[in-house]
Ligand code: E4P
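So this first bit is one chain, no partners, the form predicted on its own, shown in C-alpha cells.
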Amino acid sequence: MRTADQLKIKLFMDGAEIESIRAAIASMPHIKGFTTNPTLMRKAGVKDYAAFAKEAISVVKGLSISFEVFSDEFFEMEREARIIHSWGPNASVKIPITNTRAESSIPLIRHLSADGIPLNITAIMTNDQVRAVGQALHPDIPSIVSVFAGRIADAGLDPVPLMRQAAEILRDRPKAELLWASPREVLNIVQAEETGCKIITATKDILAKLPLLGRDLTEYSLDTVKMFYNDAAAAGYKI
C-alpha cells in the first residue's frame, strides 16, 4: 500500500479560506494546487470575489489555482474569464460544461482555449461531455478536465470505469489533465491514480486523513479499540 509521499497523482486542495490555504502551503508539501468555486466562497463568507482571488494568488506562491466564472450568459462568462486570466499566469479559469439552461459551453471553451487561456472545465459527469471538451481544447494550452466522480458515486454509479474511460479519451491531449472532483474518502485518491487521473481535489477534512494512507490495519484496529475504551472511561459510563 502506498503512502502519501509515494503518490504520483497531484493533490489539489479544494476550499475558499485564506488561512487554510496558507496553512496548507506551510505544512503540506504534497499539495500541488488549489481549486475553489462560488459555493465554497459563499460558505467561507467571501464578500469581494476579486479581492479574495488576488489574495489567494499571492498566498499560493505560483501554484495552480482555479477560479470560476459565475454569469449564466456566455458573453458575460467570456468577459469574466478574461479578467480572471489577467490576475496571474497561475490562475486557471473554471468554465461550467453548460449554463443553467443546459446550453453547451463548448463554443466558449474552444474560443478561450484557442486564445491561450488555461481553463478548468467543471461540473462534468458524462464521457460524452469529456469527449466534447477534449475536442474543443487547444492541444498546446494547459487545461484541466474536472469530472465530478464523487457526485457520480452519490447517484449510485461506480465512477471508476467512467474515469478510466475518460483518461483514455484524453490520451491524445497530454496538456488536458483529468481531475477527479468531489472525492468522499481517502480511497478515492488511490482510485483516481489507478484510473489514470492526473489530479484529484480534496477538502481539508480529507487531507487531514492522508497520514492514514498505507496504515497497518492490525495497528489501526488496536488504536480504534483504545479510542472506544478511553472515551468510555472519560465519560464515566457504567452498566
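Throughout, we count residues from 1 along the sequence that is shown. Predicted, not measured: the structure shown is a model, and the values here were computed from it.
Omitted from view is the form predicted in complex with erythose-4-phosphate (E4P), to which the following refers.
- The candidate spot formed by Phe67, Val93 and Ser143 is out of contact with erythose-4-phosphate (E4P) in the model of the complex: none of the three has a heavy atom within 4.5 Å.
- When contacts are judged by a 4.5 Å heavy atom cut-off, Leu40 counts as touching erythose-4-phosphate (E4P) in the model of the complex.
- Ser182 belongs to the set of residues with a heavy atom inside 4.5 Å of erythose-4-phosphate (E4P) in the model of the complex.
- erythose-4-phosphate (E4P) is not shown here, and in the model of the complex it never comes within 4.5 Å of any heavy atom of Asn188.
- For the chain shown alone, Arg151 is a contact residue for erythose-4-phosphate (E4P) in the model of the complex, at least one non-hydrogen atom being within 4.5 angstroms.
- The stretch in contact with erythose-4-phosphate (E4P) in the model of the complex, judged by heavy atoms within 4.5 Å, is 28 to 36, chosen from 210 to 218, 28 to 36, 169 to 177, 47 to 55.
- The single residue of 188 to 216 lying near erythose-4-phosphate (E4P) in the model of the complex is Thr201, the criterion being any heavy atom within 4.5 Å.
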